[in-house]
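The chain below stands alone and is given in structure tokens; this is the form predicted alone.
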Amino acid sequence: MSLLSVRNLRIYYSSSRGIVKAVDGVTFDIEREETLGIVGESGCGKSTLAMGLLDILPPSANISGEIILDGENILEKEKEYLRKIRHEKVALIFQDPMTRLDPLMKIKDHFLETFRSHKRDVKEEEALRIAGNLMNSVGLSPEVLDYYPHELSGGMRQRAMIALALVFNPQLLIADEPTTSLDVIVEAQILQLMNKIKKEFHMSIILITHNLGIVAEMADRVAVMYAGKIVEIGSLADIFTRPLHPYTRGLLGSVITLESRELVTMPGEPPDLINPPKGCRFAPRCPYAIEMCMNSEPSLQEAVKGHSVACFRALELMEERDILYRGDIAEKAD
């Protein structure tokens, strides 16, 4: 049984302009000790999905579907149960720890507050001992517990946030853009740390990012989101070497490498989620769109084993790509 199974998840926001369909029918699984990368442009619903999995959405949000964690649909549970599983079964690392850590509290006070909320029988001395060990595990001295958040660098704050997330050894860690505000050197250190704690704590990770380079280093499988929907999901190798959806191809084509000679961009912009297109939501930007794409919405279907895509022309485009690839190999051989 998968650790987490999400089925037909919808998260809609009420606004003065209408209903915002931020997450609209998302389905995926994550296995035990697996890292699933979720990628896509800003505004495609990645962060809303992360908060929905823990039910920490604003009052204007309406959530439906199934979130089955370890065999139980948590959306059917009482609020008290949901509060308990946060930290104990599922933990979340936010984009910017400076906005999530209380500036008036020392780092140790954040740990003590977490223990008071979940394990009141743990004495303060024991809680601080556990906190000190966790700080060591993320590469920080236990002395940092006596610092305020503003006294730490961005990388140190993120490490402290990761340590805080590990307090009760959760089964699932959701990392929402964990390296956005960090420079590339510190970013690499944080990624190495996350790989290390995944192995040490035997946990699964959902890594939400727009950075495909990070996904290439961390993920076992990749889900591509566009306009509130998953349009492609498969193994890391499949997504990076045999992308089936035109949007995925566009994302990969826009990555700058040492061989890049010009900046490749996708024309247009993501649709208004209050009034999305009638058919495929990517169709207005897609160079391969046909009339069917404009009028009908493709469902996420398995194209090849373990690799699903929501595109009417995916297999046709894959065959064309394979023919071109074989021709290129033959040309080089000649």
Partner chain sequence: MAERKGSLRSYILSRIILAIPMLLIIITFVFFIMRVAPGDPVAAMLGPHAPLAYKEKLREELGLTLPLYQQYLNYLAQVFTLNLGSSLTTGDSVATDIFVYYFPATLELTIFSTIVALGVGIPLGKIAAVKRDKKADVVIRLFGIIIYALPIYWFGFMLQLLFGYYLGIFPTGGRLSPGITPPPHITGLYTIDSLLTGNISTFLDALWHLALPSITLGLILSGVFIRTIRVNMLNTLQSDYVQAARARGVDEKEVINRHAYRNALVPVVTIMGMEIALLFAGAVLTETTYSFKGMGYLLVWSIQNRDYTMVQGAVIVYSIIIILFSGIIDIINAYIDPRIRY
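These figures come from a predicted structure and were not determined experimentally. Residue numbers count along the first chain shown, from 1.
From this point on, the text means the form predicted together with the partner chain, which you will not see here.
*Asks:* Please run the contact check for residue 99 against the partner chain in the model of the complex: heavy atoms, 4.5 angstroms, yes or no?
*Replies:* Contact check for residue 99: yes, within 4.5 Å of the partner chain in the model of the complex.
*Asks:* Can residue 124 be called a contact residue for the partner chain in the model of the complex at 4.5 Å between heavy atoms?
*Replies:* No - in the model of the complex, heavy atoms of residue 124 and the partner chain never come within 4.5 Å of each other.
*Asks:* Residue 104: heavy atom within 4.5 Å of the partner chain in the model of the complex?
*Replies:* It does: once the partner chain is placed as it appears in the model of the complex, residue 104 has a heavy atom within 4.5 Å of it.
*Asks:* Would residue 117 sit within 4.5 Å of the partner chain in the model of the complex, counting heavy atoms only?
*Replies:* Result yes; residue 117 sits at the interface with the partner chain in the model of the complex.
*Asks:* Even though the partner chain is not shown here, does it sit in the model of the complex so that 51, 110 and 113 each have a heavy atom within 4.5 Å?
*Replies:* Yes, the whole candidate spot contacts the partner chain.
*Asks:* Only one of 157, 249, 87, 221 has a non-hydrogen atom within 4.5 angstroms of the partner chain in the model of the complex; which is it?
*Replies:* Among 157, 249, 87, 221, a heavy atom within 4.5 Å of the partner chain in the model of the complex occurs only for 87.
*Asks:* Exactly one of 74, 212, 92, 193 has a non-hydrogen atom within 4.5 Å of the partner chain in the model of the complex; which residue is it?
*Replies:* So the residue touching the partner chain in the model of the complex, by this definition, is 92.
*Asks:* Pick the stretch from 204-212, 183-191, 221-229, 78-86 whose residues have a heavy atom within 4.5 Å of the partner chain in the model of the complex.
*Replies:* The contacting stretch here is 78-86.
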